[in-house]
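The chain that follows stands alone, in the form predicted on its own, written as structure tokens.
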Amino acid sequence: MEFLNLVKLRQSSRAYEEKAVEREKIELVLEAGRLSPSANNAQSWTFVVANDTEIKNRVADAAYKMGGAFVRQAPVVIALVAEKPLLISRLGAALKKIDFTSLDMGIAAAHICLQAAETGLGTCMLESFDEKKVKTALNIPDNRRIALLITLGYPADKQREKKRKAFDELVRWNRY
């Protein structure tokens, strides 16, 4: 698939078919995240996959309270857990006043979601959830932070037209 067509295809899915996602497809999606770039090649993430129905529903319930009722429909939820970055990344982040770990997590999430779309799967990134409940459900240590959750499954919602600002509103050449 042409890359720009893939970008146009990817959307946030908020309805999923009652169909399990094959482990090979989950691993392919995670591999895209694993291979994504990160500041200083820190790779300061762990991907925790909830595909056991009982565990996944406990995670979904932690998101449901925050408005994610569709999360229970998804057969898989992936938690992106921030790990302690390398010292050089922490120093660079402090000097530049930029949270490299959050940027890296966003890049990994984008890779995961684009690979999922190319594989025929739908995703939705969730930033709003009860982190303590998700940590308990997935046995994530208290000293770790969950950057985001991503639902994964076969989409049941229809493809929507992307509403984006015009190119000329967002692009500047040679000066602001």
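The shown structure was predicted, so the numbers you read here are calculated from the model rather than taken from an experiment. Each residue number is its position in the shown sequence, starting from 1.
Not pictured, yet referred to below: the form predicted in complex with a small molecule.
Heavy atom within 4.5 Å of the small molecule in the model of the complex - residue from Glu27, Glu127, Glu54, Asp142: Flagged contact: Glu127.
I need to confirm a contact call. Of Arg23, Arg160, Lys165, Lys19, which residue comes within 4.5 Å of the small molecule in the model of the complex, counting heavy atoms only? Flagged contact: Arg160.
Choose from 127 to 135, 34 to 42, 54 to 62, 114 to 122 the stretch whose residues reach within 4.5 Å of the small molecule in the model of the complex, heavy atoms counted. Result of the contact check: 127 to 135.
Please determine whether Leu148 contacts the small molecule in the model of the complex, using a 4.5 Å cut-off between heavy atoms. It does: once the small molecule is placed as it appears in the model of the complex, Leu148 has a heavy atom within 4.5 Å of it.
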